[in-house]
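Quick heads-up: it's one chain on its own, the form predicted on its own, in structure tokens.
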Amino acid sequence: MSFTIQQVLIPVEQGYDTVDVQIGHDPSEPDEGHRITAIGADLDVVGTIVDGRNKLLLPGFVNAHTHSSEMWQRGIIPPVPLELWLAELYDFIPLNEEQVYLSALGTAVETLLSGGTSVVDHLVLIPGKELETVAAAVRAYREVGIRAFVGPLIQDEPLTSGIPDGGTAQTHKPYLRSTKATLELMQEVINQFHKPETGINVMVAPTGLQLCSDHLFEGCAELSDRYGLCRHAHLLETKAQKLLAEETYGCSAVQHLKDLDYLSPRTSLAHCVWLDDTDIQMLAETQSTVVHNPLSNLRLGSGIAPILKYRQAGVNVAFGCDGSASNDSQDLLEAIKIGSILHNTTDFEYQHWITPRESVEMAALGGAKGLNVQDQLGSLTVGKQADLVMYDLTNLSLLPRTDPIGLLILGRPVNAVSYAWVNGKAVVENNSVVNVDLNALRQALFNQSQWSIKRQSPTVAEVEAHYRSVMQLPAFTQGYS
């Protein structure tokens, strides 16, 4: 359905303009496809009128890296490094298909209500029910109406192999699924679920070099090329991963990914905390995207990614929330704020600091570039698809009136999303999510969980002493496990 947003505020180079924005159907697309057809003052009304007075219209942001099913463990894992955090996370993956569905619903809703219209779900799979896992998440995203890029989180090496040997002989149990079987699984996921015209995109997404063989990365790159899919992975999130790459390959992880031909303009890489200047240059040359997840990096003590260096080198940067067990929310505006102002502490040259308008561009156009859809999404441009968010500037958290984008990015907006559209279809309307019964979702999440304080993780007990030794930490007889 076509519509016209009247008298809405949009950012322009020298400030803001009050304009009308027409959204119309593109005859070359399916019936539900809508694009921005005109932006200007006092336009003729096309279709339904949407009142834009005292509201700010921006392109939808991209939550460029998360793991939806982690929602079931948010708030429970104590403050420990990633390698120990993962050990506990995997020991208590609770998942059944209904929980996957509910956590994907929750992830989508939280993303929408914090300005996101697209989500990249690096989806943890239930062993033995991998296709059912993807189907449950896809069902949720279709119901909500968010644009989803689903990358099944795959690996072919066991969790314990993700910690450096540190000069000691370590043995690891075989992983539950072979490389060949994993690539066959990905082929079937693509066959069943990759349907961009419906808003569901499949990505190849090996978890990272620390848990994946070269053959798996090469197979994923081949699938990506064959079907035009985006590529995703974790990269050098922790110092331990940097040590492991040097120990395994004799070069940096970035160099090894480049040697495997995995880096490309269709590649987005989560975290990228422990890269040096040579690595950064390789990302720039290959036009790969860095996804900045500042809250999980702080939560897990992984470090501060050199985002200002990436920007100065011409590397595209997007923002992600990361999973809800390491953040522990899906508030995209919070991730954008922290991911912007955090770096003021890393460079005394304040001319390099990220401005609120630059943050918006990174979250919208930067996210779109990372998904190779910058020609279709990411800016208020005539001809682009109508993935839009309108913020209520009379909301208490955006008052008193100063700079609207400054208030949105540097403040703490609460319930400020008035409307959101994905491909021209309303998914938030009058501050309410259109396609989800939030009371029913709240009740389902409550009913399928319980209050919990501390758990005993057998895998943490198995790996903690070795981790402390490798990281040159003193032996600690009473481990966190």
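Residues carry their position along the shown sequence, with the first being 1. Computed from a predicted structure; not experimentally measured.
The same protein has a further form, the form predicted together with a further copy of the same chain, not shown here; the description that follows concerns it.
Every member of the trio 54, 74 and 342 reaches a further copy of the same chain in the predicted complex with some non-hydrogen atom inside 4.5 Å. Note on the interface: of 369-377, 275-283, 156-164, 328-336, the segment with non-hydrogen atoms within 4.5 angstroms of a further copy of the same chain in the predicted complex is 328-336. Among 144, 354, 138, 315, the residue placing a heavy atom within 4.5 Å of a further copy of the same chain in the predicted complex is 354. Note on the partner interface in the predicted complex: the residue among 226, 195, 180, 401 having a heavy atom within 4.5 angstroms of a further copy of the same chain is 401. Taking the partner from the other structure, a further copy of the same chain in the predicted complex has no heavy atom within 4.5 Å of any heavy atom of residue 170. In the predicted complex, a further copy of the same chain lies within 4.5 Å of some heavy atom of residue 464.
Although the partner is absent here, residue 49 sits far enough away that none of its heavy atoms falls within 4.5 Å of a further copy of the same chain in the predicted complex. With a 4.5 Å cutoff on heavy atoms, residue 129 does not count as touching a further copy of the same chain in the predicted complex; it lies far away. Taking a 4.5 Å heavy atom cutoff to a further copy of the same chain in the predicted complex, the contacting residues in 2-16 are 9, 14, 15, 16.
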